[in-house]
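Same chain, two forms, each on its own as structure tokens: structure 1, then structure 2.
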Structure 1
């Protein structure tokens, strides 16, 4: 069913006059006449009785008019919805974050939610690598990732992060951390949970010329920190883990060029929603 015909139908029904309806529809009267003939053929009933007094609805027309009005109303509702979606007043965002985003992501989401309550935001924890894959696949719109990002993604640098050594507060760490670490049994995050972070750490080991051994590992940063607090040994973690570290831990910044990196927001496609979210993330990062 062609909605243009229905629009013409309801207009003629309202004005009871082909000429006036044609004018309101910004078309010519013969065009309207043809449209109504086509519509009547399509619905299989005569809809109007034409006469000197204009056009009046037949019982069939009277019966179909409410349905036509309802259908048109639905159609306009669709248009309005589409406009809201296009404008970004409504929609959904899937956000990812990993070790690198633990500090910024939740606050950015909170800020964005307060500004755009019509948008439903989901926030999921996953490694930078997985985030980039999903960004490219389209199942994620924004990721908080370790920079740089692979080709095909855009990004905005948000803040620098660095590796730190998590140790019990009481423990004293000597100046030459590299030597101190060499051969020392550490707690670490399961490499598959944070491939980027693990690579970063190995890069630092190479720079510092040390080879710690692994005593224990966990798939969860929180648990890693808890193990350190329980005396299982030190762990190399992002400085930003401070936010979730138990109070009896100290995070000692590690030296070396390989110890620092940028984290940023990354996305595959710009939409009004992604731009607004990135803006919110940038504000949070500045504060």
Structure 2
């Protein structure tokens, strides 16, 4: 149905005068009369009777007027909501984060939600590799990933992370940590769960000239930390995991150029929503 015809119908019904309605609609009276004739042919009924007292709704017009009003109201509501979505006041964001984003990502989501409560935000844990794949595929809008990112993605550096040795608080770690680690059984995250972290750790081992062995694996970082706290053995983890570590653990920063990397927010498509979220993430990172 042509909304222009419905709007003309509603205006004539309200003003009960074709001349006044034509003036309000910024059209001529003959053009308005033609619009009403087109609408009457569409609905198969006469909508108005015209006389000395102006235009009056017929019984068919009385019955159809509420439906016309409802359709116009829904159309205007659609236009208002579309404008809010286009402006970034409403919508949805799918956010991904990996182990390095375990502290910053939830805080960024909380800050964003406090400012834009009309936006639905999902937050899911996945590796940087999976995040980048989903960003490029369009099923994820923002990722907290290990930098650099592949071609096709934009990014903003947020903060550095580094590798640290998680040990029970009472355990002393000597200064020559490379020698101390060589041949030592360690708890570790399953490589498939964090391929970027695994590559980072192997690069550090090569730099330090050590070859630790694997005591036990877990697909969950919190379980790795719990195993260390239970005395199973040390583990090499991101320093940012300190936020979720049990109180009986301490994280000793590891030396070496290979021990550090950048974490950033990445996205494939720039929209008002992604821009606002990235600004919130940058604010959290600065704090």
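Numbering follows the first chain given and starts at 1. On a predicted model such as this, the values are computed, not experimentally measured, just so you know. What we label the rigid core is the largest C-alpha set whose atoms superpose within 1.5 Å from one form to the other.
For the form predicted alone, the corresponding chain is the one labelled structure 2. Where the chain switches from one rigid part to the other between structure 1 and structure 2, the hinge residue selected from 85, 72, 40, 134 is 85. After fitting the larger rigid piece on its C-alpha atoms, the remaining smaller piece is found rotated by 9 degrees between structure 1 and structure 2. Here the two forms are laid over each other by their core, and the C-alpha of residue 52 is off by 8.3 Å between structure 1 and structure 2. Core-aligned Cα shift between structure 1 and structure 2 at residue 10: this is 3.7 Å. On a core-based overlay, residue 29 has a Cα shift of 5.4 Å between structure 1 and structure 2.
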